[in-house]
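As structure tokens, one chain now follows by itself in the form predicted on its own.
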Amino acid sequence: MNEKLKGFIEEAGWPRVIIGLFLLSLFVAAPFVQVRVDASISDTLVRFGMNGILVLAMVPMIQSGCGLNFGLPLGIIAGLLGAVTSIQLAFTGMLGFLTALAIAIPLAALFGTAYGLLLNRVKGDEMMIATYVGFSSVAFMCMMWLLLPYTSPTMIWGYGGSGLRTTISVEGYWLHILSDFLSVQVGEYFYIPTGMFIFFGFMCFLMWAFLHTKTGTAMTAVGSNPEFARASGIDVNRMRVVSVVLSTVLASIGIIVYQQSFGFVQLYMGPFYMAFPAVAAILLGGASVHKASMVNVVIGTFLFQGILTMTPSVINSLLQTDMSEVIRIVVSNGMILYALTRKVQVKR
């Protein structure tokens, strides 16, 4: 038994074991500080489904050797454009959700192609340039959200008659369109967004299947050993662009899934820091800057979102004070800092 336990710890890694035990201790402590365990588990599951595809978007670029996609906001912006255009067209239900995806995916592919071509010109500094691309695209769109010719009264500023609001509700359009599909409600507090899990699982399967195709294998070969891949006749630059396009498209899909669950489209500075939690989650799941898998995505997303959900609730109840947002910021940034520090260690 000791050998089995030791083998499990070595395979999982001490960081994930410690974080997992910490999360388990929060769930155990919850009833003793009057925090409802069923509601906490439900919140964790919802957050897991909301953020899963955004974390999955990290996989293609890691596999191709482009590193962690700090330019994730570029794909998120494509998703936001799809969402607001769908609302502008007044499409509701599944049609509205699919319209948002249909508009976002081609835009993300276009943005991703330009982004990939740029990264091919700065090999070795991809993550630094990706961060700049993400931040600068958000800043540019802060101007464009005011200038784009959207006219829907549910989206534009009431006093000016033009320019999009900071936060736009999707209620009445496609709120919970995925989450409520085959959902399970037990009592007042426990809720399982089954449809969102099915969609996330389907996207993970598609990514897994792609990585086992000829193109996916070539992309992984480029990330593992670009010189060997080039000698084998693989177009290294093309594979890198394909990975960036895939990552950007997944980000656009992920943010629309996030919005239908969250209930709002957040514009302007909304996408600014969304890359960092996704990066932290996949690193906490066991990925490195050179290799990532679907298991890393699932484990990392659950650990990150579980701790982010449980820590403020338990500590607030323990201290009898409302510091949830402060605690959430401290915990999330602490995990991001830890994950990025771990990334440096792996890189060495």
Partner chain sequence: METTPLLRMEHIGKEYFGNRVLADVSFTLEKGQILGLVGENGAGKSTLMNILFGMPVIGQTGGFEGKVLLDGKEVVFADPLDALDAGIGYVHQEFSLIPGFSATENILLNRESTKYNFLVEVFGDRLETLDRPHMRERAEKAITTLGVDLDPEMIVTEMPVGHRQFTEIAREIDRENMKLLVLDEPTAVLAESEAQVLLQGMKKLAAQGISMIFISHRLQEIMDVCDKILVLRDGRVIQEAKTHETSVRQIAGWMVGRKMEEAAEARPADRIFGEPLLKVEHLWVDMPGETVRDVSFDVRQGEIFGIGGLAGQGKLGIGNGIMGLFPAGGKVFLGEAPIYLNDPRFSLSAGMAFVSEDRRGVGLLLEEPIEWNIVFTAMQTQDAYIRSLLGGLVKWRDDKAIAAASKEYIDALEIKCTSGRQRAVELSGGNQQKVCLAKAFAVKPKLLFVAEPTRGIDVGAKRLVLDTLRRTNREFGTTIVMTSSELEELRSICDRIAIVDEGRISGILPPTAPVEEFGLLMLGTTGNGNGENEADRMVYHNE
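Note that the coordinates shown come from a computational prediction; the quantities given were computed from them, not determined experimentally. Positions refer to the first chain, counted from 1.
The form predicted in complex with the partner chain exists for this protein as well; it is not shown, and the discussion that follows is about that form.
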item: Residue stretch of 104-112, 205-213, 81-89, 180-188 approaching the partner chain in the predicted complex, non-hydrogen atom distance within 4.5 Å; value: 205-213
item: The partner chain contact at T220 in the predicted complex, heavy atom, 4.5 Å; value: yes
item: Close approach of K291 to the partner chain in the predicted complex, 4.5 Å, heavy atom; value: yes
item: G233 within 4.5 Å of the partner chain in the predicted complex, heavy atoms; value: yes
item: Distance check, S224 to the partner chain in the predicted complex, heavy atom within 4.5 Å; value: yes
